[in-house]
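Presented below, as structure tokens, is a lone chain in the form predicted alone.
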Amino acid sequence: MAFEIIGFEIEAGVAIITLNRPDKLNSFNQTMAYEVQSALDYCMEDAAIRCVLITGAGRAFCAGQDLEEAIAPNSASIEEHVESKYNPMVRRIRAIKKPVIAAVNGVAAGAGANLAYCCDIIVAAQSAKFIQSFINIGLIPDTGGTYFLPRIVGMHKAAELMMLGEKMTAQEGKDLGIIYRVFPDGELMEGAMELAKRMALMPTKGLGLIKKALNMSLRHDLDQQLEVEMDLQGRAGRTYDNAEGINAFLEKRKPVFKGE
């Protein structure tokens, strides 16, 4: 697929989406938001894609909303910006039945930070910074921030990050359990791609069902979630990859999963 702003390429079953407005710290304008949505739709439908990696070009991951666009004459309302640009991206990332990795290469501010938080796994460069910058201009976190962050770090830590608007380093994020791995700055993409390629060879249907179970757990009590586990386990047990995994175990060989 060809896009005007974002980068999009596929390598070894991994779709790499690169936010590519480096002169604007990859802040979101309408075109970039819509292109990310289209790229995610493509990733959802193409069975050859078994993992998605989102990163940024230049020295930033994403600085959030392009404020110049937001305050331009005849610009859409804040509600319209959120509903048309950010909510659809979050919904797609959570709905896609494949793992989505955020490789945070630099500053992730506002909607940029929360876009990373709604992904399945986050890796970051050592110099990356995360900031809930909304309060600095009198706004509240959007892009799923008030949903995901309290569930990741707890209510009080989320309130601290959102209300004080202080920067969090990549290492602090790792210590809080937000970030899976922190890489030296020059090694982020190599490490991120190694992880993405590894996940692209895993049982994709099983990964998608894990994601579905986690999504549903956020609104269920224990009894409801036990029913979900039973149902999804049944679906997983009828996949090719489940049979392949069992046969490989019994035959003492490495399984070759097809994502089916």
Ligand code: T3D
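For every residue, the number given is its place in the sequence shown, counted from 1. Keep in mind the model is a prediction, meaning the values are calculated, not measured.
The discussion below concerns the form predicted together with this ligand, not included here.
A single residue from the set Cys119, Ala109, Ala125, Met168 has any heavy atom within 4.5 angstroms of this ligand in the predicted bound form; that residue is Ala109. Interface residue among Leu40, Leu195, Ala63, Ala33 relative to this ligand in the predicted bound form, by the heavy atom within 4.5 Å criterion: Ala63. Each of Leu25, Tyr86 and Leu139 places at least one heavy atom within 4.5 Å of this ligand in the predicted bound form.
In short, of 55-63, 229-237, 216-224, 195-203 it is 55-63 that has heavy atoms within 4.5 Å of this ligand in the predicted bound form. Looking at Ala48, you'd find every heavy atom of it more than 4.5 angstroms from this ligand in the predicted bound form. In the predicted bound form, His81 approaches this ligand with a heavy atom inside 4.5 Å.
The closest non-hydrogen atom of Ile131 lies within 4.5 Å of this ligand in the predicted bound form. Using a 4.5 Å cutoff between non-hydrogen atoms, Ala70 counts as a contact of this ligand in the predicted bound form. Applying a 4.5 Å heavy atom cutoff to this ligand in the predicted bound form picks out no residue from 182-221.
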